[in-house]
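Take a look at this one chain, the form predicted alone, written out in C-alpha cells.
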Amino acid sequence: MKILTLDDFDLKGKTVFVRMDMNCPIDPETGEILGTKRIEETIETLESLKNSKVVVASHQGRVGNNEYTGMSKHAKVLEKLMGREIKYVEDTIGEAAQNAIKNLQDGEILLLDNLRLCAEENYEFTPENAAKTMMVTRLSKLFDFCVLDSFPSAHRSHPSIVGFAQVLPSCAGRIVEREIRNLDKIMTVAKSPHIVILGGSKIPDRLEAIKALIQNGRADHILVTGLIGNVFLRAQARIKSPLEIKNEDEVVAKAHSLIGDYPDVFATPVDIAIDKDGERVEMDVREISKGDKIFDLGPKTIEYYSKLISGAGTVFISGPAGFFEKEHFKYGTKEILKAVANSMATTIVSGGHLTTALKQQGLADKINHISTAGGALVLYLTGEKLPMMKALEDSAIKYRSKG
C-alpha cells in the first residue's frame, strides 16, 4: 500500500482533522436517519485517536435534495454508539467552529456541521486550488494532522478531500485502509463473467464509469435498475414521455451511445411498478403511460435478472433498484439483493442505501465485501486513480522525503 496509515504516527495530544463520510439515508417525511452504517464505521478510527483532540467533518446530502440537513442528529447517534460525549457546533469554518476547535482537550471529539453549508465544498478543485480555499486556509492552521477516512467521497476533489492533505501531514483512516486492502485482495481472484448491477439516482457518475468498467473487463453484463434504468429505457424509446430529470437530453444521449457501442452488454427492465393513488401497480414496460412515475422493478424483471446473476463469477451491485424507502417499493431491491446473496459468485455490495437494505434483510454474512461507498467504489474498480487516494499518496511521498 503506497499510503500511510494511523499505525505510522503517534498522534497523542495532537489536534487532528478527520474527514469522515456520515452521509446517511434520511426519511424524506420525518427527517430521521434511516440507516446508521456509515456512522458505525467511523468508530474504529475514532477509537484509534482516543488520546487526540479530534475534529470530525462530514457532509450530508446535496444542496436542494431531501437528504440535505445539518449534523446534529448524527452527533447524537455517534454519542449513543460510542457511549461518550460528542461535542457539536452548528458551524463549519466560522468563528464558532474555530473557537470550538481551539477549546478541545485531549480525548474529546467535536463534530462540525454539514461541510456543504460552506459553498466551496460543493465544487471540485485541483489539489493546489483546494489548498487555497477559505475552508482550508482558515482551518488548517488549527490542526497538526489530517486523517482521510471518507472512502465513499474519495472520487470527489472537494477542499476537505484533497485540500488539507496539501498542507498537513496526512494518512488514511481505518475505513480507507480496510477498503483498499480488501478490494485489492478480492479483485485478484475475481472470475468472469462479471455482472454489474447499477441503480440509484446519481446518473452522470454511473454513465462515466460504465464504459471504463466494460473496457477494463469488469463488466460482461450490466443490469440497470432505479433511475438509471429509466434513463436506459428512455434511450431505447421504450419510455415515450420525458423523465423530468436534470440534463435529461444529455444523459439519455450518453445511454443511447453506450447501448450502440456495447449492444450485448446491457439488460434493461421488462416490467416495472408505479404509484397509483398510493398503491403499487405493476405493468409491462410497454404499458407505461405519460405521467407514470416508475418507482420499482416488476417480478418478470427480477426473474430475468436473477437468472443472469445465478451464472455469474463475480457480482458487483451499487445503488437501490427503486424507491426502497417506501414500503410498497422495497420489493425490487430486496429480491435483487437476495439473488446476489444466494449466488455462488464473488460478491461486492456497495452504497449506503444498499448496505442499509442488506442489514435489514440479514444477508450481510453471505456477501464477500460490503462497502458503504457507491460511486467511489465503482470508479476504483475501473482502475481510475481517485482524488483522495492521490492526495494520500502524495502526502506519503512528501512525509517520507522529510523523514
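When you see a residue number, it is the position in the sequence shown, counting from 1. Quantities reported herein were computed from a predicted structural model and do not represent experimental measurements.
Separately, the form predicted together with a small molecule exists; it is not shown, and the next lines address it.
Query raised in the report: With the cut-off set at 4.5 Å between non-hydrogen atoms, does S395 touch the small molecule in the predicted complex?
Result: The answer is no: S395 has no heavy atom within 4.5 Å of the small molecule.
Query raised in the report: Does any heavy atom of R116 come within 4.5 Å of a heavy atom of the small molecule in the predicted complex?
Result: Judged by the heavy-atom cut-off of 4.5 Å, R116 is in contact with the small molecule in the predicted complex.
Requested in this report: Tell me, yes or no, whether H194 is in contact with the small molecule in the predicted complex, where a contact means a heavy atom of each within 4.5 Å.
Outcome: Although the small molecule is absent here, H194 would stay clear of it in the predicted complex, with no heavy atoms inside 4.5 Å.
Query raised in the report: With the partner left out of view, is K53 within 4.5 angstroms of the small molecule in the predicted complex by any non-hydrogen atom?
Result: Residue-level check for K53: no, no contact with the small molecule.
Query raised in the report: Does the trio R62, S153 and R156 actually contact the small molecule in the predicted complex, every residue with a heavy atom within 4.5 Å?
Result: Spot residues vs the small molecule: full contact, yes.
Query - Partner-proximal stretch of 178-186, 145-153, 288-296, 246-254 relative to the small molecule in the predicted complex, 4.5 angstroms, heavy atom - result: Contact criterion met by 145-153 only.
**Report entry** the small molecule: the contacting residue among K73, R138, K202, R218 in the predicted complex [heavy atom, 4.5 Å]
**Finding:** Of the listed residues, the single hit is K202.
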